[in-house]
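For reference, the chain that follows is the form predicted on its own, supplied as structure tokens.
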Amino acid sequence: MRKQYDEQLLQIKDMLKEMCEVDAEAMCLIERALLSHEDVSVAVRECERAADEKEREIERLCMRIIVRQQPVAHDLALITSAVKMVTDLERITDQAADIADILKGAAYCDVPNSLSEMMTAARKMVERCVCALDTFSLDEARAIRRADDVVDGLFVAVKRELAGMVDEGGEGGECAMDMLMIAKYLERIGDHAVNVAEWIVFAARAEQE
């Protein structure tokens, strides 16, 4: 019985990592679209559906363990963290899909350098979440929190760079609004990655106690 229980706990960790890998794939797709103006909306929507299904699988497994095993201490901390994390992981693909849709309609727009840098920084944060979930690494989780400061700083730079385009109006103004919305989604994605990191820290510390 205990062996099955331990296997289920390991399965939760594996599934969280797999869900985050889907997020990372979606981030790579939208970064490619930003740089090449390629339409990736269909592929990103597939990532979104895969993440939704993984979210349901993880939640079902967590509820089954709670009902049948009545976990306590660090096991309960892991399960609680998993239930919280899937919400943020699911939101990352949702917002990546929103970005893909915006890019599809804004293929004619010039992309500010600061936005390209912000995209790369946000993508790296999500990829770092994959690494952190692989071993529930405190060091990786802390690095994610530090990286969010970079994303936030780039968000400020994007807004400054777009301000002049908004004043011009016309197509330039429309492009600026689209780029600003993308930047806002990226800022939120960074926040979701930080939330995942915080729950990794919570679970990892509980396991060490």
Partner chain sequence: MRPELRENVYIRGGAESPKFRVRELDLFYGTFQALKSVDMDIEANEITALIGPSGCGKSTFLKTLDRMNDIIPGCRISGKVELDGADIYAGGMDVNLLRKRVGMVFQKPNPFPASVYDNIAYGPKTHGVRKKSELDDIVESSLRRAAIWDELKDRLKKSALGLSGGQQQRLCIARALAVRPDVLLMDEPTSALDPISTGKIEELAQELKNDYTIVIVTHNMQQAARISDKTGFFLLGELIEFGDTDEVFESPRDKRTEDYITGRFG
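Numbering follows the first chain given and starts at 1. All values reported here derive from a predicted model rather than from experimental measurement.
The protein also exists as the form predicted together with the partner chain; that form is not presented, and the subsequent description refers to it.
Closest heavy atom of M63 to the partner chain in the predicted complex, within 4.5 Å or not?
Yes, M63 is a contact residue.
Can R68 be called a contact residue for the partner chain in the predicted complex at 4.5 Å between heavy atoms?
Yes, R68 is a contact residue.
Out of the stretches listed (69-77, 95-103, 132-140, 118-126), which one is close to the partner chain in the predicted complex, meaning heavy atoms within 4.5 Å?
Single hit among the candidates: 69-77.
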